[in-house]
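Just one chain is shown here, as structure tokens, and it is the form predicted alone.
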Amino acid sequence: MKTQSPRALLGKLFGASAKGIAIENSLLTGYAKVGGKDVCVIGTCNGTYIGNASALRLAAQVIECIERRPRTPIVMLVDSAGQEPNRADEMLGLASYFGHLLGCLELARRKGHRLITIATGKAVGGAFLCYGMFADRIYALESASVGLMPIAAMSAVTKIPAPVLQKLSKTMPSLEFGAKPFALLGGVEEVWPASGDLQARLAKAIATATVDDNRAALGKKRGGRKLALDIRNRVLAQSAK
């Protein structure tokens, strides 16, 4: 499948208003309109990595939105191969920079901003965790590659042979990359065909978003996470005693 340019994809999502979104060093920041209403846009494109500087830039856009455009929905577009493989960033506290971005998004949520994520390309590891997975609702294009860790990297960390993990991935959605396996887990609300009316889908996603975390329930309903909801309910019941 031919990969469409970032500008072409932005046009499908936001129409003519996409001109208000800047693309700099594969980072997306700015404002557009969905269903005639303003939205704030942050994200990545071209499968870029996210490092300290990138996290700060995205966080700055969120802060500006909170301060200048109260309650404006924030749309997060994810196309990133993961966190920056940079020793300097690690030594300077990469996790803290990511934590700052997450803190800004949580403040936005508490201030009434709806948070919507669309995985448009690669949505991998720390880059997905540090902003995309924090949304109220997560959507993905059918061509997106969604996952937490590639098989080769997982093998290196766990010492489990890659062929074994590859075989397990066929029956365990948590090990498989793709939009549909992540939807089975409940991590993706809905998979969108790239040829569909993305503006209408996005408008509906924003209008129906709530802060209720329904991922465990979706995972159980779809058969990808059979125990998570029951375990969560048991923990909550015990903590209430």
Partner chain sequence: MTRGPLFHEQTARQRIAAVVDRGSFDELLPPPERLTSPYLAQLGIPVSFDDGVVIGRARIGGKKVYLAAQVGQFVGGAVGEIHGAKLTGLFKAAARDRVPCVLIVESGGVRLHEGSAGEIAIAETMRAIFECRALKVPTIAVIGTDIGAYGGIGILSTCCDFRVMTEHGRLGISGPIVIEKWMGKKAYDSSNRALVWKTSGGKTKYLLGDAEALVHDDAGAVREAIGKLLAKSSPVTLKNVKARQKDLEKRLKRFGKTGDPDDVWKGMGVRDVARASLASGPEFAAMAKAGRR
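All figures in this text were calculated on a predicted structure; none of them were measured in a lab. Residue numbers count along the first chain shown, from 1.
The protein also exists as the form predicted in complex with its partner chain; that form is not presented, and the subsequent description refers to it.
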Next item on the list: Flag Thr117 as yes or no: does it have a non-hydrogen atom within 4.5 angstroms of any non-hydrogen atom of its partner chain in the model of the complex?
Entry: no
Notebook entry, point to check: Is there any non-hydrogen atom of Val235 lying within 4.5 Å of its partner chain in the model of the complex?
Noted result: yes
Margin query: I'd like to know if Ala216 sits close to its partner chain in the model of the complex, meaning any non-hydrogen atom pair within 4.5 angstroms.
Written below: yes
Notebook entry, point to check: Heavy atoms within 4.5 Å of its partner chain in the model of the complex: does Val34 have any?
Noted result: no
Margin query: With the distance limit set at 4.5 angstroms and only heavy atoms considered, check whether Gly11, Ile151 and Gln199 all reach its partner chain in the model of the complex.
Written below: no
Item checked: Interface residues of 86-108 toward its partner chain, as seen in the model of the complex [heavy atoms, 4.5 Å] -> Asn86, Arg87, Ala88, Glu90, Met91, Leu92, Gly93, Leu94, Ala95, Ser96, Tyr97, Phe98, Gly99, His100, Leu102, Gly103, Cys104, Glu106, Leu107
